[in-house]
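One chain is shown next in structure tokens, namely the form predicted on its own.
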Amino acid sequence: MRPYILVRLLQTIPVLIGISFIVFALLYFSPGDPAVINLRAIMNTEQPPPEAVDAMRLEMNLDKPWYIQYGSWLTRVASGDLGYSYQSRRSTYEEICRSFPVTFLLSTITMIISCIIAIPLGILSGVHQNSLIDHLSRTLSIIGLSIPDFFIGILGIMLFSIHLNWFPVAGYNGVKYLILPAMALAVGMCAISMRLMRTSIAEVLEEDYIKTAVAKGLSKTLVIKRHAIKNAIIPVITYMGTQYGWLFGGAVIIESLFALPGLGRLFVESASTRDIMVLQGCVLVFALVFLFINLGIDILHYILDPRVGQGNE
């Protein structure tokens, strides 16, 4: 196991370098002069004096070639300095630390809801094909995929917040404020995960080793618990892990709808105001989260099926 994990960790190094270059290019090739944008926020004027622009360009190393700028930026990022917000005048690190916990909790609660609902229903549908539970789960999947998550969020606000008064309408002041947006995000994810789990376990149940185990006298329930679920859940883990990473940057509409101060909303606001340093920090965090989630998925795959890493050992 150790050689496989070591190889996967080493493989992340060139990926991290590539990510850092892409994030730097976001600033370097973006339209507009960062020095002018910065001074507009500082001086509250549309046309900063030319001498002030020249001084700011020197301060931001914009007068140097791109590779020197990249090396300087990479050194600062490696030391934890992500720059500062042109709008709030706070450091990018503070802005991200303020927003990251909200998005992390929202994504985690969404995943928990999805796992609790999708995996058991998918297993039941795959084991009892063409039964009432299978038809019901198929219908729920089609409905879940047909309705956008923001519309589900609006319906949730009208029903659970305004009519029943069970959850807050918007804002953030604790986990209770995340339940409704997490449910809105979980519907579509549940629909796909449920069908994927159903298809996967139906295929595994047709394998020869499953039929052999049943023929030897083992109960079908025991075979499903010990063998079928373990193998069938691997593609579901891949999908849900990828979706977990996507939630960190893809929940923008839901965060805006429920006025949640998360990373997605911070990214949109920084893009609309061209707050480059914060925009860079958000993209870097999204990329790193996705990278390490995929690394965790690969390691989990290896634990469930050691044959995955045989070529690296």
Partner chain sequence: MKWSTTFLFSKFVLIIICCSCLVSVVAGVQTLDIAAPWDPKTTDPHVNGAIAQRMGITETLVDINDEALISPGLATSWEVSGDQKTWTFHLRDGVKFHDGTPFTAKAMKKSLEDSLKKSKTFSSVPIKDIKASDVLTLEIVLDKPLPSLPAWMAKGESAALSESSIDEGDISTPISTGPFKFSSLSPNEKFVAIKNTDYWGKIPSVEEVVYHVVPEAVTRSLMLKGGDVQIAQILSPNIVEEYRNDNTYTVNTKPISRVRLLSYNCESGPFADTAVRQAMNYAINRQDLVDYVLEGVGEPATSLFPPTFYWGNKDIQPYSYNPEKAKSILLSSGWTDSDNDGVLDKNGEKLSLTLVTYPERAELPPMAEIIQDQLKKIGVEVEVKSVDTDTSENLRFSGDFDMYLGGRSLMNAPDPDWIMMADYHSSGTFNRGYGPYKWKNEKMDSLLEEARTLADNDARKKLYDQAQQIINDEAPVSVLSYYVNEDVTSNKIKGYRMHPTEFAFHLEDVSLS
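Numbering follows the first chain given and starts at 1. Computed from a prediction, not measured in an experiment: that's the story for all the values here. Basically, rigid core = biggest C-alpha set you can superpose within 1.5 Å across the two forms.
A second form of this protein, the form predicted in complex with its partner chain, is not displayed here; the remarks below concern that form.
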Looking at the partner-bound form in the predicted bound form, is Ser256 within 4.5 Å of its partner chain by any heavy atom? yes
Can you check whether Gly188 is within 4.5 Å of its partner chain in the predicted bound form, heavy atom basis? no
Just to confirm, Leu39 within 4.5 Å of its partner chain in the predicted bound form by heavy atoms? yes
Can Leu105 be called a contact residue for its partner chain in the predicted bound form at 4.5 Å between heavy atoms? yes
Can you work out which of Ala55, Leu62, Leu26, Ala271 has a heavy atom no more than 4.5 Å from its partner chain in the predicted bound form? Ala55
Quick one: from Ile142, Leu222, Cys97, Ile116, grab the residue that has a heavy atom within 4.5 Å of its partner chain in the predicted bound form. Ile116
Since the chain is shown here on its own, which stretch among 73-81, 166-174, 125-133, 209-217 would lie within 4.5 Å of its partner chain in the predicted bound form, judged by heavy atoms? 166-174
Triplet Met43, Glu46 and Pro261 all within 4.5 Å of its partner chain in the predicted bound form via a heavy atom: yes
If you look in the predicted bound form, which residues in 72-98 sit within 4.5 Å of its partner chain (heavy atoms)? Gln87, Ser88, Arg89, Arg90, Arg98
Fitting the rigid core first, would the Cα of Gly245 be found 2 Å or more away between the shown form and the other one? no
